[in-house]
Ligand SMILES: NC(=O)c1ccc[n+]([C@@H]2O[C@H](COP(=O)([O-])OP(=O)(O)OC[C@H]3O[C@@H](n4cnc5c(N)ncnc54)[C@H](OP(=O)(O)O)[C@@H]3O)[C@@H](O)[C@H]2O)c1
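Just one chain follows, in the form predicted on its own, and it is written as structure tokens.
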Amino acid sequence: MQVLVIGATRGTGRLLVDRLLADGHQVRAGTRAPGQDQALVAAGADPVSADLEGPDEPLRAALHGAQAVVFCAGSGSGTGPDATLRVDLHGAVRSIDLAVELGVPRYVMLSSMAADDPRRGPTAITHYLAAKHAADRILAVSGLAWTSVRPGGLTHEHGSDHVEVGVPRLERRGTIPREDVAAVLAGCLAQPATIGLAFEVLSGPVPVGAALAGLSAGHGGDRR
């Protein structure tokens, strides 16, 4: 599958690139400055321009012909509400609109725990959760085959490929290694049971593949 990862240079997006390549996918690694990341080339990915604050044409070119998009971009914890709106909301919506325009069939969003109701989350990141909430709502009515993955606190620990998922939410808070979030995002592309669902995910006892296979719209999926 030809997959565009938006936000591929660091964090969960970078780990996802490696995971998708290992799974046999062709990966377009969306970055702000693709010519500067030789590590992505060395890994086997195709760096492409996907600057969410830049003009539409490079982003449209990056999306053209892709069979799936995984949105992993973010303004970062050190930025303020304005940057969060520009990247996590407006940038996400731009990519959704272009995916619809170009007929990209599959879209997976890296969202956040408590994006269903930003009042559930820490006050300090309410603006971030509100941006994710709005982007998720827009994705859900886009007509795309969509999934929204909402992890808890992200850590840099080694992943276990075991998780706990909840549709639309879990009844506890917690953390999850970025490696396991990357595994979940990659697994969504192979698992039709995740289409049309938003779900929360934390570290847990169930292998990723089994956890995703157990999801279905019949389990109370959040289609907003």
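Residues carry their position along the shown sequence, with the first being 1. Quick caveat, the model's predicted, so the values are computed rather than measured.
Just so it is clear, the following notes concern the form predicted together with the named molecule, a form of the same protein that is not shown.
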*10, 53 and 87: each with a heavy atom within 4.5 Å of the named molecule in the predicted bound form?*
yes
*Examine residue 135 and determine whether its closest non-hydrogen atom to the named molecule in the predicted bound form is within 4.5 angstroms.*
no
*Is there a non-hydrogen atom of residue 131 within 4.5 angstroms of a non-hydrogen atom of the named molecule in the predicted bound form?*
no
*Should residue 154 be counted as a contact of the named molecule in the predicted bound form, where contact means heavy atoms within 4.5 Å?*
yes
*Distance check, residue 96 to the named molecule in the predicted bound form, heavy atom within 4.5 Å*: no
*Residues in which of 44-52, 190-198, 61-69, 159-167 have heavy atoms within 4.5 Å of the named molecule in the predicted bound form?*
44-52
*in the predicted bound form, which residues of 102-120 put a heavy atom within 4.5 Å of the named molecule?*
110, 111, 112
